[in-house]
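Take a look at this one chain, the form predicted alone, written out in C-alpha cells.
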Amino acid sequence: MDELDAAIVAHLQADARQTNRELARTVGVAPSTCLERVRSLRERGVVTGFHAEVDLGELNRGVQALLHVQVRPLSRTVIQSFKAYAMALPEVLSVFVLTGGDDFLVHVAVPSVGSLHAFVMDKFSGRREIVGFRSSVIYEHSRKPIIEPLDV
C-alpha cells in the first residue's frame, strides 16, 4: 500500500457513505483514479466490506460481556465446531480463537445481567466440549474508528 491507498482507506473508514467524487476530492486525485484504487483495494482484500455502526442499547442489547471459554479435547474439529456453534447464536457479536489458558473469547450483547446468566446457563453449561468458562461484564467499549497500516 502506498500513501494514496492509505489515505483512501482512512477516509473510507471515517465515512464509507461518501461518494467516489467526494472521496477523490478529499484525497486529491481524479474520480477515475480514486474509483480504480478503491476497486484494487477491494480485489486485494484490503477493504473487505462496508457496514453501519449501531447502538447496541437501541437494539435491546445494553449489557455486553466477554466469555472466556476452555474446550476439550483440543482438536481442529472441536475448535471449528464450537466456533460455528457460537457464531450461530444471536447474542454473539464475535468469537476469538486464542492461545494460552482460554481457548475462546466470546463477545456477547444481551438485554440484561439476568439474560446474560440465562445465556451462559442455557447455551454453554450443558455443552460437553466446554470444560470451563467465566464471564467479564463490559462497562465501556471503545473502538478506534480508523485503523492505519503499520510500517514493517
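Quick note: we count residues from 1 along the sequence shown, nothing fancier. Keep in mind that this is a model prediction, so the values were computed, not measured.
Keep in mind that the form predicted in complex with another copy of the chain is missing from the display, and what follows is about it.
> Would His68 count as a contact of another copy of the chain in the predicted bound form, using a 4.5 angstroms cut-off between non-hydrogen atoms?
Replying inline: So His68 counts as contacting another copy of the chain.
>> How about Ala118 - does it come within 4.5 Å of another copy of the chain in the predicted bound form, if we only consider non-hydrogen atoms?
In response: No, Ala118 sits far enough from another copy of the chain in the predicted bound form that none of its heavy atoms falls within 4.5 Å.
>> Please determine whether Leu12 contacts another copy of the chain in the predicted bound form, using a 4.5 Å cut-off between heavy atoms.
In response: Yes, Leu12 lies within 4.5 Å of another copy of the chain in the predicted bound form.
> Arg128 near another copy of the chain in the predicted bound form, any heavy atom under 4.5 Å?
Replying inline: Contact check for Arg128: no, nothing within 4.5 Å of another copy of the chain in the predicted bound form.
> Does any residue in 90-108 get within 4.5 Å of another copy of the chain in the predicted bound form, counting heavy atoms only, and if so which ones?
Replying inline: Heavy-atom contacts within 4.5 Å come from Pro90, Glu91, Val92, Leu93, Ser94, Val95, Phe96, Val97, Leu98, Thr99, Leu105, His107.
>> Assuming the CA distance changes by 3 angstroms or more, are Gly101 and Val97 closer together or farther apart in the predicted bound form compared with the shown structure?
In response: Between the C-alphas of Val97 and Gly101, the gap narrows in the predicted bound form (3 Å or more compared with this form).
> Once you compare with this form, do the C-alpha atoms of Gly100 and Ser136 lie closer or farther in the predicted bound form, given a change of 3 Å or more?
Replying inline: The answer is farther, because the C-alphas of Gly100 and Ser136 separate from each other in the predicted bound form by 3 Å or more.
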